[in-house]
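There is one chain below, alone, in structure tokens, taken in the form predicted alone.
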Amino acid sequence: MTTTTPTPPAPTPPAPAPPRRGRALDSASSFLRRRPRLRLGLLLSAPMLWLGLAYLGALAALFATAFWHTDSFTGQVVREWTLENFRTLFTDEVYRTITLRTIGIAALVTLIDAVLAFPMAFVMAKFCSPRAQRILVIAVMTPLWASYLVKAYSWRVMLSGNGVIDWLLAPFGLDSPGYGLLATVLTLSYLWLPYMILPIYAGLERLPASLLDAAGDLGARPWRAFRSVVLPLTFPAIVAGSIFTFSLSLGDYISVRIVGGANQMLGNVVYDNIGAANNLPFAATVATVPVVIMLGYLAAVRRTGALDNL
């Protein structure tokens, strides 16, 4: 009986070597995978480069221009370093008054928005269903889609002598406040209110309801629970909203021109010196004041954790 020897299987041809470009990509991918910080730096390099050139570069140019001056005869900017603009800003009584007025209006607008926004945000976060919350958030954001000028001029119409506010106050023997500081505060408070509601709503939404139940079980009355539990935990969110309202009010100048009457803020001084006065260095000097104020404010609130809510 003859036996047949099985034929060995044909050898498998070796796999083709990956192309050189593929090996280089794999090596680079492995290299970056082992170095997450380098990977993050490369990912952020393009936006950080844009930020450095477009924003920080412009801010540096602004500060540099503040130390120049304008030739009184030709009106041309003279690139010679001088502190005359800052000396005028700090010694002239008019500019000191405008600075204090601007800070006061911005602080008052922030306070009014906080008082109005907190109960609205609290109801949205704790008493409304998820569907109602979404509807209310859209309703709060809807005014932001309208034109800034339309909203400001609407308040001008309402505050006029025969406007809606005058009609509402007439039965009580009162007149419309007209144009001035009060009109400016009312208009800015309306314009920036959504920027206060949304951060507070986000902070209240993260507040566990069990903390309020626990405070009630321990005998805390509603006001005590609010003062001891709700307010401390949502204070960073309130401060986060104040950053928006305070900074936006600090630099505003359009609403002041529309409803502010003869009153001025720092933004109006900047606008007038760029336009009619043609004094760009002094305009840059005045523009540094809100920047310095906001840097100080951000440094003060940094420890509250408010920047984590932005």
Partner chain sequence: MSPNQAPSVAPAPAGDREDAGTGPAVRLRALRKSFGAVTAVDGIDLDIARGEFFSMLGPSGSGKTTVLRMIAGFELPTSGTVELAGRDVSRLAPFQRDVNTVFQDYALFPHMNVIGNVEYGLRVKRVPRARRRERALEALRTVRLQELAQRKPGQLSGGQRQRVALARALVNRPRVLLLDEPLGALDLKLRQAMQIELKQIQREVGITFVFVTHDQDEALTMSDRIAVFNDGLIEQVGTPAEVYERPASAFVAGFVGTSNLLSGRGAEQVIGSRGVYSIRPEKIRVDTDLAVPARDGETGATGTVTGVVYAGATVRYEVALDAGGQLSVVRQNEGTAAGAPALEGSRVRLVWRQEHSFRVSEGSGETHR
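Since the structure is predicted, the reported quantities are computational estimates derived from the model, not experimental observations. Residue numbers count along the first chain shown, from 1.
Absent from the display: the form predicted in complex with the partner chain. The rest refers to it.
Q. With the cut-off set at 4.5 Å between non-hydrogen atoms, does D213 touch the partner chain in the model of the complex?
A. D213: yes, in contact with the partner chain in the model of the complex.
Q: Could you confirm whether R87 comes within 4.5 Å of the partner chain in the model of the complex, counting heavy atoms only?
A: No - in the model of the complex, heavy atoms of R87 and the partner chain never come within 4.5 Å of each other.
Q | Distance check, G75 to the partner chain in the model of the complex, heavy atom within 4.5 Å | A | No, no contact at 4.5 Å.
Q.
So in the model of the complex, is the partner chain close enough to G161 to count as touching (4.5 Å, heavy atoms)?
A. It does not: once the partner chain is placed as it appears in the model of the complex, G161 has no heavy atom within 4.5 Å of it.
Q | Selected contact from S228, T82, T97, T142, since only one has a non-hydrogen atom within 4.5 angstroms of the partner chain in the model of the complex | A | Exactly one residue meets the criterion: S228.
Q | Among the candidates K126, R156, R224, R134, the residue which, in the model of the complex, approaches the partner chain to within 4.5 Å (heavy atoms) | A | Looking at the other structure, the residue within range turns out to be R224.
Q: Name the stretch, out of 148 to 156, 230 to 238, 99 to 107, 169 to 177, where some heavy atom lies within 4.5 Å of the partner chain in the model of the complex.
A: Of the options given, it is 230 to 238.
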